[in-house]
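Quick heads-up: it's one chain on its own, the form predicted alone, in structure tokens.
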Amino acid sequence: MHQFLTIHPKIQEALQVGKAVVALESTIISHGMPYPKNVETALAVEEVVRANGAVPATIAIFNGQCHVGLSKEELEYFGKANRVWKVSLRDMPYVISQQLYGATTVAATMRIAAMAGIKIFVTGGIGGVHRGAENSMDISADLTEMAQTSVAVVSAGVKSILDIGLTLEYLETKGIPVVTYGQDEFPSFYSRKSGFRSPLTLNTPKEIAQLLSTKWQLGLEGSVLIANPVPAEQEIAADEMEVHIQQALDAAAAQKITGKEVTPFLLKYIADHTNGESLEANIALIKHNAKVGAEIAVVYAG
């Protein structure tokens, strides 16, 4: 057991007997949605994982420990508290050493999941290369972490507020397989379409589990990005979404929003200016990702 790692007894037992476990992040609770939608969604996502045969493991940092598995009361705290750190890799030593409360991003959640021995992680959408990165150099640590940590990531593609084309190029450079579940086109978070063809396509959890097993048995370290398109009935058309994204980017620039505050600002702005439609799509895609991620985890564990 790692000295900075606390695993919930039910999750520890599941890992010891080889049962399917699915890691879940906590940034979406503290920084991705308003209360009480954030807590309701977190609990619903955990229930979707259970309903599909796996054990959910929501990850966060507090009391100087990386916690794998949160109680309902702890989820409630992260949903309500105002001073919860948004923790990526660079922040982990500070937040842990200062015994602060930290909600983990994709990168930090992956690292903690790997420490616990969890191989499948479900999120909404990954970070990536930001628009205008040729000037800002703003590239998410999610991508560099995916290059070195052997935890598969199930998401609805790349967040559409980012530069999807450059993100796909970066993933290729880092040798990270990108496979879209059930369609040839790479999805763009709120929409099933992005205008970019998926590098790889597979159609069943078994095929994806076989890909993961083969990659890691070959000694190829790092993640696989499993892009799971949002259900058709909940998607927002990409061209419609692009209008709101451009407005959000202009607002962020006018207010000089930078660094790790950019993504939460953009997502909130878009939700506010789509009458909550984008928030509902976000919730739908996370639940769908949890279902597919649990199915993959069950096959992989078997």
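Owing to the predicted nature of the structure, the values given are computational and were not obtained by experimental measurement. Each residue number is its position in the shown sequence, starting from 1.
The next section is about a form of this same protein that is not shown, the form predicted together with pseudouridine-5'-monophosphate.
This chain is displayed without pseudouridine-5'-monophosphate, yet in the predicted bound form the stretch 124-132 from 124-132, 73-81, 208-216, 110-118 comes within 4.5 Å of it by heavy atoms. A residue is said to contact a partner when one of its heavy atoms sits within 4.5 Å of a partner heavy atom; residue 145 fails this definition for pseudouridine-5'-monophosphate in the predicted bound form, lying far away. pseudouridine-5'-monophosphate is not shown here, but in the predicted bound form it comes within 4.5 Å of a heavy atom of residue 28. Although the partner is absent from this view, residue 171 stays clear of pseudouridine-5'-monophosphate in the predicted bound form, with no non-hydrogen atom inside 4.5 angstroms. Using a 4.5 angstroms threshold between heavy atoms, residue 260 counts as touching pseudouridine-5'-monophosphate in the predicted bound form. Residue in contact with pseudouridine-5'-monophosphate in the predicted bound form (any heavy atom within 4.5 Å), chosen from 164, 141, 151, 178: 141. Residue 267 is the only one of 48, 267, 249, 238 with a heavy atom lying within 4.5 Å of pseudouridine-5'-monophosphate in the predicted bound form.
Contacts of stretch 54-91 with pseudouridine-5'-monophosphate in the predicted bound form, defined by any heavy atom lying within 4.5 Å, are made by 86 alone.
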